[in-house]
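The chain below stands alone, shown as structure tokens; this is the form predicted on its own.
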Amino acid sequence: MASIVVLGTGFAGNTAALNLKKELGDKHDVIVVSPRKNFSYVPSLVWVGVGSMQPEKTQFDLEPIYKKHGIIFKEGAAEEIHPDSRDQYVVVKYSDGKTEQIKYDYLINATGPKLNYVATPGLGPDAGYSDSICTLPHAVKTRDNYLKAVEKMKQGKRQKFVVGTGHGMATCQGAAFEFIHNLEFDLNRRGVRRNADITWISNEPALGDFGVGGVVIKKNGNLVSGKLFAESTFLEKGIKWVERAHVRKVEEGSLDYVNIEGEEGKLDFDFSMLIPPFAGIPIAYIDKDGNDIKSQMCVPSGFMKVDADYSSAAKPFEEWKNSDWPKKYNNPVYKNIFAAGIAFAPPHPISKPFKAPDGTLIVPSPPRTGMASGIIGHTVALSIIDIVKKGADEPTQQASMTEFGAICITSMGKSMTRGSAALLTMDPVVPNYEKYKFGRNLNYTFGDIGLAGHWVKYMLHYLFMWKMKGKFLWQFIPD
């Protein structure tokens, strides 16, 4: 009997666990470890943040789902991984302070990110002065603060809104882009838009980069850049923007930033929603002699090393290659340990990095959320299934971000009659300039914006909630 331990219950972890149990059955144990027993559908937290979706519609309890499927669930935090012992195991700490050693034959690290607010002084909703939509509790707090600003606007008081990224190496620009458009849409719906000044701040080298090096699509026979698309939506809605910027600090009612030219600036606000940088979940890696081997297992940010070429990060941007990126997602030293979703360390950014004159690095970190997380989690599960059932010597399945595509649906206002969303497909996620002139296959890279996009976004919310619950025919819903 094999024992597979999955750390995390997000898209990558939950997808992996469901597929593992479906194929391995009762002959093998699938054990999920997470300090949170609820699955949260993060893509819809943008709607929670402006009060257009109830929080309870974005999450559900995983315990009855796992019990139904025969998956063992441990509600605790993985604190240590011992990959070098005779019996490899994870040390799990529970809320009552007790610990347990859980043995594994195969381990999937799908823990997701640590929200690294401390990287920018004053950033974040807990100990800082900005809001966030990265977790459900934060999104609820964001909604409450946003609605307070709305009430002031109803009284005729002008309010300043700042939305974007709160650090020069933050990711998830797409989520912030969705939020600023939903905020602007909701202010119009409430009849107070005239009393709002809205500003976007981002570490992107250009608007519409989104951390994937930008995108070029073919529309009506013409080539359109993501930069043109993003700028046009901001101009149309009267949203100002600051790009190529690193937020140095956030104070009550203001933030300071520097851009790649070294120009310093300050933005005042009454309300701000800023996406933080991500780091790896802090887990200790201990060898058989009790030594800390985290530097062997993880990059400095805490994300786990996999089958990527990490030496490529020191090379110039022009020398980065598609072969730098991982395909199988297992650790090069302990090959029975995998990382999926945000937990794996990318070899380098996708977008071209820049530095301010003072040496501050300003470049979006590679996005690895949503569809990419699901695809990688599924791929890792299939490899383990082949190893366990067929006796394969190494991972059999591959899913490089330089080869698979993704669909992005960016909400720009939630309403079944007046809403809108930008529907974008790109193939592949990481541009391949060796193969394609514009980095991607234009036959499968296209986009459109309109009400139909919102209907698709809304439908996917319920479709993926169904899939993540492992309900009837869940396995036929694409990752």
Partner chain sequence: MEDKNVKDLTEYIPYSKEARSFMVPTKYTVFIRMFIPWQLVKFIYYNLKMLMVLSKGHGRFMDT
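Residue numbers count along the first chain shown, from 1. What you see is a predicted model, and the numbers here were worked out from it, not measured in a lab.
Form predicted in complex with the partner chain: not shown, discussed below.
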Distance check, D427 to the partner chain in the predicted complex, heavy atom within 4.5 Å
yes
Is F404 one of the residues lying within 4.5 Å of the partner chain in the predicted complex, judged by heavy atom distances?
yes
If we define contact as a non-hydrogen atom of the residue within 4.5 angstroms of the partner, is V91 a contact of the partner chain in the predicted complex?
no
Examine P332 and determine whether its closest non-hydrogen atom to the partner chain in the predicted complex is within 4.5 angstroms.
no
Residue within 4.5 Å of the partner chain in the predicted complex by heavy atom, from E251, E80, D270, E263, is E263
Which listed residue (F229, F161, Y146, W325) meets the criterion of a heavy atom within 4.5 Å of the partner chain in the predicted complex?
F229
Give a yes or no on whether each residue among Q59, L62 and I133 has a heavy atom within 4.5 Å of the partner chain in the predicted complex.
no
Spot the stretch among 389-397, 354-362, 295-303, 94-102 with residues whose non-hydrogen atoms come within 4.5 Å of the partner chain in the predicted complex.
389-397
Looking at the partner chain in the predicted complex, which residues in 450-476 have at least one heavy atom within 4.5 Å of it?
G450, L451, A452, G453, W455, V456, M459
